[in-house]
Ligand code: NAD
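A single chain, nothing else alongside it, follows as structure tokens in the form predicted on its own.
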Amino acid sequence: MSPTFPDIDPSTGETIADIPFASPEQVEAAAADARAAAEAWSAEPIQERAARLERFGELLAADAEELGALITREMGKTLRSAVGEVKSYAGSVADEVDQVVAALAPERPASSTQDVTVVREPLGVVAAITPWNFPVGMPLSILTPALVAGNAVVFKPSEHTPLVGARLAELLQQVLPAGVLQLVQGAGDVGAELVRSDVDMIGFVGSRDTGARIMSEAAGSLKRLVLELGGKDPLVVFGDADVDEAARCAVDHSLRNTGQVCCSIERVYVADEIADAFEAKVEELARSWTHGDPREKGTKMGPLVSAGQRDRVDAQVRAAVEAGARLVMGGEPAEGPGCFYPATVLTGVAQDNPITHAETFGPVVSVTRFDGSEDEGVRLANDTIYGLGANVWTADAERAQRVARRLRAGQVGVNRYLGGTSTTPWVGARQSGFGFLGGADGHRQFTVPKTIAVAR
């Protein structure tokens, strides 16, 4: 009998199901089956592949309520957010498919002596290893472009959301030829086996440390990589900022999804001259972020995904207070069943405080005061190994542009939370990623260009 791992409801601590681990032999077989299916799949015209994925988007939309409820049960996201995640990504599948087709269209550079065509061919087999915090959105950021490009895929969802991953795979398999999408279940050991298996590319969304291990393992066979890793995103609030709106941004984007977002605001730098008013507003707003049963309508935060994650957040907060930060509210795991941790606000957080540099991934607003100068704000914001996102708040439009360009991050929000459009890439600068997802350049990373030159 295969060994299993428990799929646990973080709201109650109850076991939802016991999920069989994929053995090394099963991982190897999945990669081989994907390899066997890849050639015929890549030979299918891209418009036909695109049409299949569009049908998948329709199936996903029809399943939104049921799948959303499963997300809530497996990882604790509020039901409203979970159903919203499914509906949002289902509604964007057709648009993204069109963008992939356009990005991979043949190019014909001008030449007076030859007819030149640049075509883009699939890499072969892609391993997709994805996280639990957005268990529909994050897999689709890899699966959609990889499949439309003509790759076969071996998909390993997080061990915290195995049933969501299985349902996503089932919906895709309804529209794909047999063998094109393989599913393997398990934790880090299974992911490591998949990285070592006969795949051509690894698409991974997760922690920086795991990304580094994947890169090291992939180096021996020069496998292609796209790694979307963690962050320690700053918000820099200058003295002329709208205090209420900047504080709302800080609270909403430190606490949404119980802080379990790779681009959460994890460091807030506020100018001394407005710090008292800003910190008071942060506390006022944070007190409205109640935690509780994620299935209930008024709940703003569900549990953290696991007891281990709750304990890591709690240990970080305790270490921060021991290092001199002031605990304004929260800071104690909730009593009773489940992995609940309350909205927590820290002020007076020194730049050398441990919580300033380690990714928290929990519901903590961490506030540091600074002298309000442009150079100091940029210096503090850039004092990190990460570079996923950043945010700046100021009434001075010219300063906003200067600071945004100096911040070392893939996405910057000015007087708003960071954003973009469906056509812009999602980039992890520095140690927040390798390669990128989305946009034409991101879609092309699932292919290799080939130049065909014909004499005239």
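One-based numbering along the sequence shown. Keep in mind it's a predicted model, so treat the numbers as computed, not measured.
The same protein has a further form, the form predicted in complex with the ligand, not shown here; the description that follows concerns it.
Contact check for residue 144: no non-hydrogen atom falls within 4.5 Å of the ligand in the predicted complex. In the predicted complex, the ligand stays beyond 4.5 Å of every heavy atom belonging to residue 417. Contact annotation: residue 159 falls within 4.5 Å of the ligand in the predicted complex, judged by heavy atom distances.
Looking at residue 191, you'd find a heavy atom of it within 4.5 angstroms of the ligand in the predicted complex. 130 is the sole member of 151, 254, 344, 130 with a non-hydrogen atom lying within 4.5 angstroms of the ligand in the predicted complex. This chain lacks the partner; the member of 362, 186, 165, 122 within 4.5 angstroms of the ligand in the predicted complex by a non-hydrogen atom is 186. Stretch-level contact analysis of 347-355, 315-323, 362-370, 229-237 against the ligand in the predicted complex, using heavy atoms and a 4.5 Å limit, identifies 229-237. Annotation for 190-205: interface residues with the ligand in the predicted complex are 191, 192, 195, 204, 205 [heavy atom within 4.5 Å].
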